[in-house]
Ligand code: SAH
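Presented as structure tokens, the chain that follows is alone, the form predicted alone.
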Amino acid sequence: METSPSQSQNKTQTPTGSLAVVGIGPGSPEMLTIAAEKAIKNADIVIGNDFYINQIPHLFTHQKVIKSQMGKEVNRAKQAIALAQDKHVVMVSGGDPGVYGMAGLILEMAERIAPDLKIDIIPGVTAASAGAALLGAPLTNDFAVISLSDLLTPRDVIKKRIRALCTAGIPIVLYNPKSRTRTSLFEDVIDIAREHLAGEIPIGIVKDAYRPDETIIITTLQDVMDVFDSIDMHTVVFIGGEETRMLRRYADARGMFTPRGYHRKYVY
């Protein structure tokens, strides 16, 4: 029995392309994983926020590069899924794509509009790991990561989570701590932290980790507002936990350290 043209058009075609959501780490070429570099080099099309695309120009040879802007995440995801029907597409995401990155949105949308599309998630060095390495070892034990961006999460929910975490006494990493228009939420978070934590708790501030303008500041909970103007969207803030302490690594250079707990079990 022959298939009519209308019946043929209604059939869903299996995609022949693929989509990889690739984390490029904190921005330095040295922090890019081998898997991420391979995926980008082998892509037909690379799409992403221009801030991240501009960090990897050395990887582009034959690929078509599509730049987008902040706030266009949904449109960017739709475009990537559409292009991946017959091309090998890479969606670039800063840090790790599964940590406040594009992986979740891509999977959510593809589940509805392209369930047969082959999708790979390639991890990258997230800001918490990058910043922690520059500070020393503040995240050696349990810790939590919270974004202070209220574009997708209500402020009341963010503050509720911060309050719960402060009562747990573990280190907290703050992503997106402050923007040009959103400044009061960071102040509220510090006030909440001061209700539950000692003023001597170390605070680490890492801006532009592993990039040319890298800045590292180590202060305390009681003095952190003295460096309020140094904090922006390119900054990650580390609030120490109950056991986190300052660490002198070299002469006057201070770092942050949270014991793993070996001192409670072993003599050394």
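Start at 1 and count along the sequence shown; that's the residue number. Everything numeric in this text was worked out from a predicted model, so none of it was measured.
What comes next is about the form predicted in complex with S-adenosyl-L-homocysteine (SAH), which does not appear here.
For the options I216, M225, M233, I66, the residue carrying a heavy atom within 4.5 angstroms of S-adenosyl-L-homocysteine (SAH) in the predicted bound form is M233. Of the residues given (V206, V46, I239, A36), V206 alone sits with a heavy atom within 4.5 Å of S-adenosyl-L-homocysteine (SAH) in the predicted bound form. In plain terms, the part of the chain that comes close to S-adenosyl-L-homocysteine (SAH) in the predicted bound form, with a heavy atom within 4.5 Å, is 171-179 out of 171-179, 108-116, 151-159, 189-197. Although the partner is absent here, F143 is not a contact residue: none of its heavy atoms lies within 4.5 angstroms of S-adenosyl-L-homocysteine (SAH) in the predicted bound form.
Taking the partner from the other structure, S-adenosyl-L-homocysteine (SAH) in the predicted bound form has a heavy atom within 4.5 Å of a heavy atom of R211.
Heavy atoms of G95 reach within 4.5 Å of S-adenosyl-L-homocysteine (SAH) in the predicted bound form, making it an interface residue.
At the 4.5 Å threshold, heavy atoms of V99 reach S-adenosyl-L-homocysteine (SAH) in the predicted bound form. Residues from 109-128 that approach S-adenosyl-L-homocysteine (SAH) in the predicted bound form with a non-hydrogen atom closer than or equal to 4.5 Å are T126, A127, in the order they occur in the chain.
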